[in-house]
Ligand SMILES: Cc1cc2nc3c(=O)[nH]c(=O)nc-3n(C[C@H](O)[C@H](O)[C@H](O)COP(=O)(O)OP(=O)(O)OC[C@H]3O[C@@H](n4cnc5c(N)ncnc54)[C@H](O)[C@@H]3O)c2cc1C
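Just the one chain here, the form predicted on its own, laid out as structure tokens.
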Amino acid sequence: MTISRRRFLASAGALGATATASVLAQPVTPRPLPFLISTSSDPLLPKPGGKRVVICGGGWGGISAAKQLKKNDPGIEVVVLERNPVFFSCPMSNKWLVDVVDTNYLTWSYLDVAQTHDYRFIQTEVVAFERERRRVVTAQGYVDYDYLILGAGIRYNYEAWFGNDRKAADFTRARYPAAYIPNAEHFALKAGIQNFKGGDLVMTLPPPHRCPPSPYERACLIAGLFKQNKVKGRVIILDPKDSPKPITEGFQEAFATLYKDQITYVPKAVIQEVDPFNKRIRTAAGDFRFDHGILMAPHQAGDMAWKAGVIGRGADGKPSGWAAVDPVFLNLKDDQNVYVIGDAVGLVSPQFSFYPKAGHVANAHARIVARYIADRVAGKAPKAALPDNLCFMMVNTAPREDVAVRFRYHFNEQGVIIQEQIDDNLRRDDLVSEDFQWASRMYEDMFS
């Protein structure tokens, strides 16, 4: 039975109309445009009377940061800029692909929570950053800020596969969506797997990528759907790692016991060439043809992080692909009023490199940064804090069973962030209950 959350959601049209109504500034010079039609060169909002925090991106991090800022200091003006009309959750979406949960379970109203917690939500596209002027430029006008929080999420680095061949990148995104950026890709992928008639479905995994254990969960749930519907098909997982990570033993046991006829796991399958037009992939572990694919190109920090100029550089001088931030305080080392949270954050520790790029971590980052900013506004020195992480992964739907992984973080004597990982490899139904309880807590934390 599909799990549903019954509640009202404003329509996308209403969201767009209300968001546009946030354009408050009068035109500076006469022009032949109605008052509520603005350009990127116009002020979208008047200058703030007090401190203003602009949050770019309304994902798990951005939307959490907005609420937490208002809780910490109701006097701070908070503005969220987000291009999507409604929130669609990537966490839990693998279950939605196979109808364990429905669409309402993943979607929430941005306007409702903004009104509840007295911050401003504006649906618009961020087009540029003028950091020297502390200004964000959007498609509807510019917004000045005192502090900026970037919840940029990820982008697919199709350039690693195709160079400047936009045709190949667009073809791959449309035909073989990765569905790790909400939400049009999710609907395309769901239709693709539910209408799959048989053959080989290939999944590519890049390092590092959003929600590290989630591709293995997705493979299990798709394999379970094939098994249930008696589809003569298999999922081929092309993994550059030498084994599933994290939750290694749990996923290996599920592949071998539950889906020995539906899942083929290929380790050390570093991608060398992708030909989406002829449905061929060449890897270090061999060549593969496919009938359908979930082609996940390497992940990088999202477009906004590149536009904001926050991407770090490696020892070779080339862009690292991820935001270079202070590993503890999450702000730029050369611009302490700009913070980056969630998936876009780059290297934080020589022990484990990246925080898991997961919704739980983004929410934790949001809480931490909201407190840092509130303290700074109050004239206090922020006290260092670290996130945690918790991931549940469903590997079976009949009966429903999950595995899980927990991460804890602390400083060692040298001040380096250390990660402790605890895999819960025994698939069982009580973890399913914990999974949905976790999701309920997180949704309540963000939207209630």
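One rule holds for the numbers: they count along the sequence shown, beginning at 1. Everything numeric here is computed off the predicted structure, so don't read it as measured data.
One more form of this protein exists, namely the form predicted together with the named molecule; it is left out here, but the text below deals with it.
Proximity of Y110 to the named molecule in the predicted complex falls within the 4.5 Å heavy atom cutoff.
Remark: Y145 does not count among the residues lining the named molecule in the predicted complex, judged by a heavy atom distance of 4.5 Å or less. Contact check for A219: no non-hydrogen atom falls within 4.5 Å of the named molecule in the predicted complex. Interface residue remark: N331 is not counted as part of the site for the named molecule in the predicted complex, having no heavy atom within 4.5 Å.
Listed residues Q252, N157, N84, S349 were compared with the named molecule in the predicted complex; N84 is the one with a heavy atom within 4.5 Å. For the options M304, L106, I193, I237, the one in contact with the named molecule in the predicted complex, meaning a heavy atom within 4.5 Å, is M304. With the partner omitted here, the stretch from 55 to 63, 404 to 412, 378 to 386, 417 to 425 that lies within 4.5 Å of the named molecule by heavy atoms in the predicted complex is 55 to 63. Of the residues in 149 to 183, those that come within 4.5 Å of the named molecule in the predicted complex through at least one heavy atom are, in sequence order, G151, A152, G153, A179, Y180, P182.
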